[in-house]
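Only one chain is shown below, in C-alpha cells, and it's the form predicted on its own.
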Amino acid sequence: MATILDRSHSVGGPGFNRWLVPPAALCIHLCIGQVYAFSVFNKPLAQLLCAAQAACPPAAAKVISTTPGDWTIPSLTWIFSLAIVFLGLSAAVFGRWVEAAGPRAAMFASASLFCGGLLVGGLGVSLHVLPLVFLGYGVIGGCGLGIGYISPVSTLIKWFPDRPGLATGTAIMGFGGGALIGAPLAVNLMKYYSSPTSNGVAPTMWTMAVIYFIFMLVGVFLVRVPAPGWKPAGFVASAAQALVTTRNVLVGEAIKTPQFWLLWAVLFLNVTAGIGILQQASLMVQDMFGVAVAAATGFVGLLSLFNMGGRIFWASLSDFLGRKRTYMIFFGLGAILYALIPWTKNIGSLGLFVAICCIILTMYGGGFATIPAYLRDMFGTAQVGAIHGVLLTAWSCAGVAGPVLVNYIRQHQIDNGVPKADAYSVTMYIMVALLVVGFICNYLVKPVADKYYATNLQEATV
C-alpha cells in the first residue's frame, strides 16, 4: 500500500490526460466540504438527553426531548470552529510533508483522518460525551480537512501552468459545494435511522464516514503528478511579469517576505467579512426583513450556490485580469456592497439585499480559489502547497473573528435597545473598514526581492 501511495509511483505517463486531475481533486473537496453543512446536526444534537439526567454514564441510553437537551447550541458551534481552526493549523504544520510525499499519500491521509473523525464524532454522540465529538470531528476531522484542502493545489498548478486559476478554482469549487451534497445526505440519513429514542445522528456520521472514504479513495488512485520537466503541448513559458515569477521561493524563505504577510492579511480580511455574512445569513434576513424560516433556509442555499460558482468564475477570470486586480475588485466592490446593506433595509428592498449578498459570496468563494494562483505567481511552483498551507492560518483566525464580530456586536446592540432589524448596521460598517484595509494591503504587494529565491538547482526546480 505504501508503494502505491508513493509519489514516484504516481507519475503520469505519456498520453495521460491532465483533465483527470481536477476531478480527482473534486473527489476530495466535495467530501471535506461537508464541514459547511455541519449545522444540520446542531439542532438534533441539542435535543439529546441522557436517560439518567442526574448522572450520565458513558453507556447511558439517550432520549429525544422537545425542550433543550444537555448540549446547548453555543457549545455545539465550537465543533465547527474547532474543525476550521485545525484545518488551518494542520495545513501549516503538514504543508511540507504534503509537498514531499505527493498528492496520493496526502489525499489518503486526508480521507483517513476526516472519515476517522466522523467515526469518533459519532462515537461521542452515541456515548453522549461532547469532548469526544470535539476530538473526533473538530480535531481529527479538522486535520483531515487541512491536509485534503491543500493536497491537490501544487499538483494542479504543475499540470496547468497555462491556466492555474482555472485549475485551482475548479477543485476549490468542490469545497464550497460540499454542503449541497452533505446537507441533504445527512438529513435523509438521520430520517432513515431515527427512532423513538434516537434521532439517528451517530449512525448517520458512521454511514457518511464509509461513503466519503470510498469516494475519496477514487480521487487517491486517480490523481497523478507530472513527470519532471513536463509542459502542455504548445506551451511556452512567457518571460516573467512584474508579479509572476519563473523562479521559486521555498516555504522557509517565503514566510520571511513582506509579500507573504500582506497576502495573509488579504485572505484574512476577505474571509472575515464574507464568513460573517455566511454564518448569520439566515438570522439576518429574518431579523431585517421578517421572512419565514423556510425562506431564510432557501436564502442560505442560494448563497451556497453563489459561493461555489464564484470560486471558479473569479479564479478563471484572474488568469486574464491578474491576481492583484482581481483582489482589488473584491475589496473595492465589496466595501461598497457592505455599505449598502443597511440601506436595503431602510428602503425595504429584500430583492436588492439578496442580490448584494449573492455578489459578496461570489467574492468570498473567489478569494479562496484565487489565492493559490496568487501564491504561485509570487513564489513559484516548487513549494506552493506548503506556502498555501501556512497561509491558511488566516482562515483559522477569520473563522473565529468573523462570527464573533457579527454575533457579539449584534447582541450588544440588542441589549442596548436597538431593534433587531437595525442591529447589523454597525457590523456592516466595520466590515467596510476591514475591506478598505484589505484593499491597501493588496495594493502594497510588490515583486519578491531576489535574496529570497532558491539558489540550489534541485530545490529550485522541485
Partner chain sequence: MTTDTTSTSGGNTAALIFAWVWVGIPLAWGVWVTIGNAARLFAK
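All figures in this text were calculated on a predicted structure; none of them were measured in a lab. Residue numbers count along the first chain shown, from 1.
Omitted from view is the form predicted together with the partner chain, to which the following refers.
Among the residues A394, L26, V35, A423, the one placing a heavy atom within 4.5 Å of the partner chain in the model of the complex is L26.
In terms of contact with the partner chain in the model of the complex, the residue from I359, A265, A295, L89 that brings a heavy atom within 4.5 Å is A295. Here the marked residues P74, L82 and G252 all miss the partner chain in the model of the complex; none has a heavy atom within 4.5 angstroms. With the partner left out here, the partner chain still marks one of 195 to 203, 100 to 108, 149 to 157, 300 to 308 in the model of the complex; by a 4.5 Å heavy atom cut-off that stretch is 300 to 308. Remark: K231 counts among the residues lining the partner chain in the model of the complex, judged by a heavy atom distance of 4.5 Å or less. Within this chain, N346 is remote from the site of the partner chain in the model of the complex, having no heavy atom within 4.5 Å.
When the partner chain is considered in the model of the complex, S318 lies well away from it, no heavy atom lying within 4.5 Å. Using a 4.5 angstroms threshold between heavy atoms, I329 stays clear of the partner chain in the model of the complex.
Of all the residues from 179 to 217, those having a non-hydrogen atom no more than 4.5 Å from the partner chain in the model of the complex are L180, I181, P184, L185, N188, I214, F215.
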